[in-house]
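Given as structure tokens, the chain that follows is alone and in the form predicted on its own.
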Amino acid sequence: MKLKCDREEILQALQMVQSIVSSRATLPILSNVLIEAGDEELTLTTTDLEVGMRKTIKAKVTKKGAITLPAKRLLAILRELPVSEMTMEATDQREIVIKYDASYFRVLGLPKDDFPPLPDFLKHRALKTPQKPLSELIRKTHYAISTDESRYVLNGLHLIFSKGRITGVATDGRRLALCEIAANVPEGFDRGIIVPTKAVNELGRILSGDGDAEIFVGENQAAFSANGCTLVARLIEGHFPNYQQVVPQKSEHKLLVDREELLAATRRVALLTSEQSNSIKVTLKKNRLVASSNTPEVGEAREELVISYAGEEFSIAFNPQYLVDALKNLDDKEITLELTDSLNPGVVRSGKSFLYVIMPIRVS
């Protein structure tokens, strides 16, 4: 293998794919990046056996070949190189020489044959959809994914492909985020999958352009392709809970609230909470929303927002971080806050496509 390539291009590509590499890899080869030189292109691939990523860049290839190298070490070398162009040459399948000016690095690696191959999705039908809406769906839902490993079906984002739309749902049992986007879903593509957290986070990183993304779904794996990068994930097996049962069918009070004002007030009031008393109280009064916290060992805080409200006064308590997570990932100037009483879930709506259910906290 022998090629010339732009240092910045290969550095950016390696930075993208090396995030898949685990610091606690069970096999030495899983700490490596597979480097393949083909027809005028260089492909970098990493995997942890659950999630894999492949990125292709342009290169001046004079001899095709492949090798795997320690991803973190190669990244450290590329960051320090003082030149814009370099030569990479593999003398055999176990080492590569990186040359620039009169200097060089000789890096030891492992043969390609030991590297676990990523599945080929070329035979599967692809769903094409614009990147930006898909990226927004992930941003508006990912934070509600459960981290409780005992409830493994909640450790991912539930993507539902149905006629005319893609729905994303995430829940940890205390809150639920749902976002819908319009999509041209091919006939026969209708189904639901659960994408694991790591893959969801990586997918959010690769969806950065204005073009389309392609989605391929297999029996127990799925692939997402955009901007010359392909992400492959092993899907979570099992049945996602019936999330529609969690969504309140009606609410007593619907309030239009300035999103940034409520976000800022929640953040400030939350400063005077503690791990033992991690809740803020939202009180509705005539034309006012009062956010407050009162923690005996810390202190108290109070913020008032002007709203349109003429009902009876009542209070409800929430985990402030749950409110912040939703509000900071939305874009609309105003959101709709739906409340019934102190015991029933609250609902945040943004436009027609976003819904967030948050369970109240019982306080004495």
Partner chain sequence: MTRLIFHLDMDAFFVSVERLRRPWLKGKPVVVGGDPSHRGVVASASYEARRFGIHSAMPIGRAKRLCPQCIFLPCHFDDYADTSAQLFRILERFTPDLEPLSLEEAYMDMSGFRWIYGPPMETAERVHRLIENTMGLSSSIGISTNKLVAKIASAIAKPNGILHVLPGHERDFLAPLPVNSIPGVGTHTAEKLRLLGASTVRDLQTIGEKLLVSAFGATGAWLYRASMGEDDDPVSPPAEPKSVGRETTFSEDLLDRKRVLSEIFSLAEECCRALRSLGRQAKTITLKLRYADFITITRSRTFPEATDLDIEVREIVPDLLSKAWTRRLRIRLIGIRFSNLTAAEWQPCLSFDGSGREKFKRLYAALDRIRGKYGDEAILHGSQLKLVAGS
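Positions refer to the first chain, counted from 1. All values derive from a computational prediction rather than experimental measurement.
One more form of this protein, predicted together with its partner chain, exists but is not displayed; see below.
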item	value
Ser84, heavy atom within 4.5 angstroms of its partner chain in the model of the complex	no
In the model of the complex, Asn242 touching its partner chain (heavy atom, 4.5 Å)	yes
4.5 Å heavy atom contact, Ile361 to its partner chain in the model of the complex	yes
Touches its partner chain in the model of the complex: Asn329 (any heavy atom, 4.5 Å)	no
Stretch from 260-268, 126-134, 276-284, 74-82 whose residues place a heavy atom within 4.5 Å of its partner chain in the model of the complex	276-284
Contact residue in the model of the complex, from Arg288, Arg151, Arg191, Arg165 (heavy atom within 4.5 Å of its partner chain)	Arg151
Listed residue (Leu256, Ala182, Val246, Val97) with a non-hydrogen atom within 4.5 angstroms of its partner chain in the model of the complex	Val246
In the model of the complex: members of 168-196 within 4.5 Å of its partner chain, any heavy atom	Thr171, Gly173, Arg174, Arg175, Leu176
